[in-house]
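Below sits a lone chain in C-alpha cells, taken as the form predicted on its own.
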C-alpha cells in the first residue's frame, strides 16, 4: 500500500510540475488553482479537503486526468491529485474483497489483478484512464458483454464527505450497512458520476471477480472510403445494428464478442471494425464478420491507425494472444490532444434518417479531419441482466453505445471541430430536439462521456434515478462542496 510511505506534496504555481498537474489529458482544459495537493493516503485526502474548505477554495479531484470536460480544471481552487494511491490488493479485513485505490490507472488494475490473482474487471480499453472516475461512472469495456459493468462487482467504497458543519471525514459505505443513508451513498457511486458527493479514496470488489480470459482473438477489418457508396454504408450500419439487436440477451452465445465500429470522417482512408473474441468457438467470429459484410462488400486489412486506437496488426486474418497482451494491444488512450466527445445509447438499430445524417456528416466536404469519427460499440448481454434501479446506471437495455469523437492539436482549430461535431450530433437527433432522449430507439447519454452542450443532462445521464441521486447529494454534501458544471443538483 502506498499511503504511509508518501508524505504528500503541495505543488504551487512556482513549481515546475504545476502546469502539467493542472492540465487534463484533453488539452483544451487547463486550470490555475491555488495549488495541487498530491496525496498518498486516505488520511491525506481528508486533510486536503479540510484545508481547501478552511481556505475557501473549491476542491476538485484528479485521478487519471481524463475528464472529457473541464470539471477538474475550470475554476478549481485546489486540485487533489490521487495518483500515488495506486495499489491493488486482496483485503482480508474486508472478507477477502479486492481493494482498488482511486489513483490507479486501469492498467494498474488489470496488471495487478491479473498477475497476482488471475482476475479482472470488465473495464475500459483506454488504460491510462484513472479508476477513481471510471468506476463511479459505471465502467464498461470489451469484456462487458460477457461480465457486465464494473460497478456490478462493487461491494464497498471509502469516500471523504463533508458535513453541514464543514468537517471532512472518511465514510465506509456498502450495501450491507445498517444505515440506509450509507447504503444510498454506496448506490450513488455505482454510476452517479464523479465530483458529486465527495472524494472516493478506495473501492472494494467482491471476492468472486471474473477470471481473466486465457487468450483473446483480435480481428481488424476495414472498408476503404474510396469508392464506398451510401448504399454500402447504409447496409454496414444496418447489419451492425441488426446483429446486436439479435444477440444482446444475457445468455447469448455471442456474449464473448465485443466489436468497435469506427465510422471515420472520410478524410481518413478507411472505416475500421475491431473485434475482440474471448470464447472457444472461432466459427462465431467468422459468422459475425460474414454477417456484417453481407451486402457491403469484401473487407480489407486495416492499413492505418484510427482515432485514438493503434493499428492492430494481424496474421492470417486473426491475431490470438494472451488476454493481457491483447488488452495492451487494444489500448485506446492515444496521445494528449485537444478533443470533444458526445454519446448516445441505442436500444434499436439505426433508423434510416440517422444513417443518412451520419453519412452526411462523415462525407461533408467542408470539414477535413482524419481524426474525427463516430465509434459504435457493441453493448448488451450481461450488461442488460440488471434492472435500471439496481445501480445508478439506468441504461440496462441497450444494444449499442455511441461515442462521437474529434481530435486536433491547435487551439486555432477549436471552432471548426466543435462546430462539426455539434452539427453532426444535432442532425442525427433532429427529430428529438437534437439529443438522444429515452424513447423506442435511443436511451440517453453516458455520464463518463460528459458533454456540457447537453440541455437535459440529468434525464439523459440518469433517467429516473436522478431524483434518488439528488437525495443522496442533499444528505451527504449539504454545503455543495463538490460541484461542477453538471454536478448533481447544479
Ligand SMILES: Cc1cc2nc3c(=O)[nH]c(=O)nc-3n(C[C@H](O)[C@H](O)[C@H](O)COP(=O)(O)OP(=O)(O)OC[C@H]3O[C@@H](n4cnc5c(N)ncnc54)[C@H](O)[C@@H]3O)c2cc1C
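In this text the structure is predicted, and so the values were computed from the model without any measurement. Residue numbers count along the first chain shown, from 1.
Unshown form predicted together with the ligand; subsequent notes refer to it.
Trainee: Please state whether all three residues 124, 198 and 448 have a non-hydrogen atom within 4.5 angstroms of the ligand in the model of the complex.
Mentor: Affirmative, all three are within 4.5 Å.
Trainee: Find the only residue in 139, 192, 339, 380 having a heavy atom within 4.5 Å of the ligand in the model of the complex.
Mentor: Of the candidates 139, 192, 339, 380, 139 is the one lying within 4.5 Å of the ligand in the model of the complex.
Trainee: Identify, from the list 40, 33, 65, 444, the residue with a heavy atom within 4.5 Å of the ligand in the model of the complex.
Mentor: Contact residue from the list: 65.
Trainee: Is there a non-hydrogen atom of residue 102 within 4.5 angstroms of a non-hydrogen atom of the ligand in the model of the complex?
Mentor: Yes - in the model of the complex, heavy atoms of residue 102 and the ligand come within 4.5 Å of each other.
Trainee: Contact between residue 148 and the ligand in the model of the complex at 4.5 Å, heavy atoms?
Mentor: Contact check for residue 148: no, nothing within 4.5 Å of the ligand in the model of the complex.
Trainee: Any of the heavy atoms of residue 71 lying within 4.5 Å of the ligand in the model of the complex?
Mentor: It does: once the ligand is placed as it appears in the model of the complex, residue 71 has a heavy atom within 4.5 Å of it.
Trainee: Tell me, yes or no, whether residue 333 is in contact with the ligand in the model of the complex, where a contact means a heavy atom of each within 4.5 Å.
Mentor: Contact check for residue 333: yes, within 4.5 Å of the ligand in the model of the complex.
Trainee: Heavy atoms, 4.5 Å, the ligand in the model of the complex: which of 461-469, 426-434, 48-56, 448-456 makes the cut? Say which one.
Mentor: Result for this chain: 448-456.
Trainee: If you apply a 4.5 angstroms heavy atom cut-off, which residues in 111-134 are near the ligand in the model of the complex?
Mentor: Those in contact are 124, 125, 126, 129, 130, 132, 133, 134.
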